[in-house]
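A lone chain, given as structure tokens: the form predicted alone.
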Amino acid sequence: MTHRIGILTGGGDAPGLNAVIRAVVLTAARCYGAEVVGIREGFDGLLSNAPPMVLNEASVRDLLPRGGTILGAVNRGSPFARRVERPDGTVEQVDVSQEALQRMDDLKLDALIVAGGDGTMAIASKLVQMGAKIVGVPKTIDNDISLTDVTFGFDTAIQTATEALDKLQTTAESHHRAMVLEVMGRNAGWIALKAGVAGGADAILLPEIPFDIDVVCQKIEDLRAAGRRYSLIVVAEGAHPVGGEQQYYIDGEGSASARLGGISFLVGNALQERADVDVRVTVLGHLQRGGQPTPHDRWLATRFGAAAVHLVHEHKWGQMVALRGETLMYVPMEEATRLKFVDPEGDFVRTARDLGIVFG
């Protein structure tokens, strides 16, 4: 019997995480009579002395429409590379995974459910190999986790980006401008692609398709020749020109602290100079992560959370819940760490091209 289940939310937050927590608590209590406790601040919470959050039916009653995560999240925390500052001021990364396992024992956890993206699944998979009893729930607004068709948070992010495009269209038309909208997407351009098509973009620039700015300029010229004096361009933050590199607004010390950003301004400046068009740039940033989850994300997160509890009951350690079509299934977390990219020759891109959208 499983009597005590822990749950943590790793990586960046996403709309629907609280719905997962709610589903886990309700399913565990009503189906198996199990207690659920929340680990605060992701995997870092396993390495602190902070008491876990007691979760019960009363405490999760109003979580379904609430964005963010009541447990907190740390998108850089890993027990295999914990940053430790030495007395001399130097910082090094230390493997404290054994301490994480001991903490799970100290908390008397029969199992741990982790909700996160590819990084979280990679950490969880390594802990399982060391003997931890963990199952996974895929979460990312980028929808780039392999082995599942979709992740919760993605639909909400698309809606936010599409609504932004709808609003930009009206002011673009009024002032005869080119509007450049930057959305999230470090290595996978799913948000840019789907929101761009849904919002009527004229050009979509993705990490998977290096762009030629002259192609975008030509698109703007063609629109003007046809009598349309405004244009909409969607740019994923990880997009880059042919032969060029991704843009960072914070270089940091290595990839752990670097922050993507700035490609939309590079694109905007190039368009203004080469296409002789008035340009405005909008960066959505973390607006895409915030706010209430859509009904679709609430439903998907609820299904994932309930399924994760059943996984625990079946002792399917190292497995992750996944969605294929409309069917829930279980897949190895280790394999889910591979990223899912937009296929430049696939049906989604082909459909957009058929509509006249250019990708540079």
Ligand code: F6P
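Numbers for residues come from their place in the sequence shown, where the first is 1. Being a predicted model, the structure only gives us computed values, none of them experimental.
Keep in mind that the form predicted together with the ligand is not shown, yet the notes after this line are about it.
Kindly indicate whether T170, D202 and R280 are, all three, within 4.5 angstroms of the ligand in the model of the complex, using heavy atoms. No.
Among the candidate stretches 216-224, 85-93, 122-130, 184-192, which one is within 4.5 Å of the ligand in the model of the complex when only heavy atoms are counted? In the other structure, the partner sits against 184-192.
Is it the case that R177, even though its partner is missing from this view, gets within 4.5 Å of the ligand in the model of the complex, heavy atoms only? The answer is no: R177 has no heavy atom within 4.5 Å of the ligand.
Any non-hydrogen atom of R229 within 4.5 angstroms of the ligand in the model of the complex: Contact with the ligand, no.
Flag T140 as yes or no: does it have a non-hydrogen atom within 4.5 angstroms of any non-hydrogen atom of the ligand in the model of the complex? Output for T140 is yes: heavy atoms within 4.5 Å of the ligand.
At the 4.5 Å heavy atom threshold, is H286 in contact with the ligand in the model of the complex? Residue-level check for H286: yes, a contact with the ligand.
Even though the chain is shown alone, can you say which residues of 333-355 have a heavy atom within 4.5 Å of the ligand in the model of the complex? If the 4.5 Å heavy-atom criterion is applied to the ligand in the model of the complex, 333-355 yields nothing.
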